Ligand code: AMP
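Presented below, as structure tokens, is a lone chain in the form predicted alone.
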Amino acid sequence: MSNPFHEALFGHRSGRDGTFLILPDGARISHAQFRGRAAQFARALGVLGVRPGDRVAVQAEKSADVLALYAACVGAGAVFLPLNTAYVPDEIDYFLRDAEPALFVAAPAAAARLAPVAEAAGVRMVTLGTAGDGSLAALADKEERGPLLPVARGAGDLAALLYTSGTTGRSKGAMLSQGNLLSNALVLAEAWRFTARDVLLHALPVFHTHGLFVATNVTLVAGGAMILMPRFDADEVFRLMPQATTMMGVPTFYTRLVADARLTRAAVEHMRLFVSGSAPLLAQTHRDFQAATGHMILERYGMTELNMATSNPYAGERRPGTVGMPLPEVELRIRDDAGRDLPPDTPGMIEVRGPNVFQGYWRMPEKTAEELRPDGWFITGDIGTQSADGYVTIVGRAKDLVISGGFNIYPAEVEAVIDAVEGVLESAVIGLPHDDLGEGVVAIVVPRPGAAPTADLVREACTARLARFKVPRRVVLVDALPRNAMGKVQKAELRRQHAGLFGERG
């Protein structure tokens, strides 16, 4: 048995020994150099006692070495467990105790506060910095860079463990196999026409599916290059973009670019593709970006448990407000609460089946049984519709559904009306406890810079276009919406912030 995932990402193919990483300071790392560094880390993992199937937990800042460590885990047969760099010690304690990794890799600056956490969990800790520093880097430096004979692994063997955000309870560890990651990387590279000539502007974090398993894996299987930015910075994006051909981002990236006068057709004339995901992209942002650049952003849909499931077409209509059609080899259906398939354009639960779907939740058989059917269909928790010609539109999360006076209200429908109001930048619609109605509809609205839309204006627009029960009973104007690292609006936080808005009687 070979290691097909390792071969697909790092095997010798035409163009593979060109540049792989371009750092902001102009330094370049070739595919061959990167494979050599990964081999050093793989050998260092062996010295530290990491064996095939062991988890390697990593909370370290984005760097070439972190990516090489990921590559090392693929080659060594270890299970890569990236952790959000914003997690605090109490959260790290949960992950270490739950996943029981053989090794925990932390940033040097965090070593002092995380060492007691690792010790209490009985996990060995090493450090890895962004400039070739840290105890793990020092150990790897002692190892040879010669070709690595990868550990034999099969499609069903685990390659990664990614924890969900845990907004509705304990974080769940999604088990992703070699086959899950490999199938998705190959499908996306084909669907988005990535080749060895592509240079991806990479400003995403690498502790998340989008930045690691989409951006990085797709670039690797295509043999292309990445400009590795530590984080999104508009000034740096405009400085580095002339070297790029493609960019992947979250909606926040694009809203900030659209607001910048430097975004012109001339600035992006060499680019062939802009991809957005991880959170819904406003249809208006689609239109504004196209007006400024001539490019239509390609929006797609995925989640931790799925990798990517749908995409707007590379060649064909990229329909604003939708996430496109199911990818090749992926099945998608919309069902009601009774498990019946729904007709086109009818909101219901999105279910997905295919080689991209994860293996289940780590040590949570009951939760796995609730969400992953025996026949392979995964219940996503997302409410959506599918048009007669296959385009999928995300209406919202099932847990964000507002039930007011016995009526179901899908936040995305109300948000679309509000976002079209003059002077509105974006909105989030939530339900809050209401004595008479169960839940009352509340709209949290962010004005455009320099604009001052009123609550009455927002309500009037909703009254004109929506049934009365969908019209927000309260409109709250705020400077910004709370978001996570991937740009998703945190509606649980909004519900917490505004919990007492209706008072005793609403």
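Residue numbers here begin at 1 and follow the sequence given. None of the values given here were measured: they were computed from a predicted structure.
The same protein has a further form, the form predicted in complex with the named molecule, not shown here; the description that follows concerns it.
The partner is absent here; in the predicted complex, the one residue of Arg397, Arg145, His295, Arg319 having a heavy atom within 4.5 Å of the named molecule is Arg397. Note on the partner interface in the predicted complex: the residue among Thr130, Thr245, Thr304, Thr85 having a heavy atom within 4.5 angstroms of the named molecule is Thr304. Here the chain stands by itself, but in the predicted complex one stretch of 72 to 80, 365 to 373, 95 to 103, 277 to 285, 277 to 285, has heavy atoms within 4.5 Å of the named molecule. Though the partner is left out of this view, Val323 does reach within 4.5 Å of the named molecule in the predicted complex, counting heavy atoms only. At least one heavy atom of Ile403 is located within 4.5 Å of the named molecule in the predicted complex. The named molecule is not shown here, but in the predicted complex it comes within 4.5 Å of a heavy atom of Glu299. None of the heavy atoms of Glu413 is located within 4.5 Å of the named molecule in the predicted complex. Although the named molecule is not shown here, in the predicted complex the stretch 352 to 387 places heavy atoms of just one residue, Asp382, within 4.5 Å of it.
Between Asp382 and Glu439, the C-alpha separation shrinks by 3 Å or more in the predicted complex, relative to the conformation displayed. One change in the predicted complex concerns Phe469 and Ala388, whose Cα atoms lie at least 3 Å farther apart than in this form.
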